[in-house]
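Here you get one chain, nothing else, as structure tokens; it is the form predicted alone.
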Amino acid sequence: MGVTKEQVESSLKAKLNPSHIEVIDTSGGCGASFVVEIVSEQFEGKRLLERHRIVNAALEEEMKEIHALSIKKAVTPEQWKQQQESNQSNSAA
């Protein structure tokens, strides 16, 4: 059995203390492929590549069994807030 969505969430929560996290198992339940959206203050001042490395490092053990990890968003709380406000104003228009 591969990694579970809950294991991925638990590791990311413990290591990155996110204010928002969404993990989707895209492997059909075998735990080999995930999509992640995460908001953490630890991304402050970091470039996108560094943010992805932080997420990958947080999942070091899980990555031994995960074949595909797509990091849809890795943003700071301020960036997340701006995106949410932008989405709301776009949907209101």
Partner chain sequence: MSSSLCVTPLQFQPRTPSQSSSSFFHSHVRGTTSATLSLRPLSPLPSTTLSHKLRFQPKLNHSSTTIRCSFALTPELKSTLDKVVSSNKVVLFMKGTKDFPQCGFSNTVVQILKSQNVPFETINILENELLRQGLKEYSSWPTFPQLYIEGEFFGGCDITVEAYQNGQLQELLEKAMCN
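In this text, all values refer to a predicted model and were calculated from it rather than measured experimentally. Residue numbers count along the first chain shown, from 1.
Just so it is clear, the following notes concern the form predicted in complex with the partner chain, a form of the same protein that is not shown.
Contact with the partner chain in the predicted bound form for residue 60, defined as at least one heavy atom pair within 4.5 Å: yes or no? Yes - in the predicted bound form, heavy atoms of residue 60 and the partner chain come within 4.5 Å of each other.
Distance check, residue 67 to the partner chain in the predicted bound form, heavy atom within 4.5 Å: It does: once the partner chain is placed as it appears in the predicted bound form, residue 67 has a heavy atom within 4.5 Å of it.
If you check in the predicted bound form, is residue 53 within 4.5 Å of the partner chain, heavy atoms only? Yes - in the predicted bound form, heavy atoms of residue 53 and the partner chain come within 4.5 Å of each other.
How about residue 71 - does it come within 4.5 Å of the partner chain in the predicted bound form, if we only consider non-hydrogen atoms? It does: once the partner chain is placed as it appears in the predicted bound form, residue 71 has a heavy atom within 4.5 Å of it.
Sequence order please: the residues of 28-50 with a heavy atom within 4.5 Å of the partner chain in the predicted bound form. In sequence order, 30, 32, 48, 49 come within 4.5 Å of the partner.
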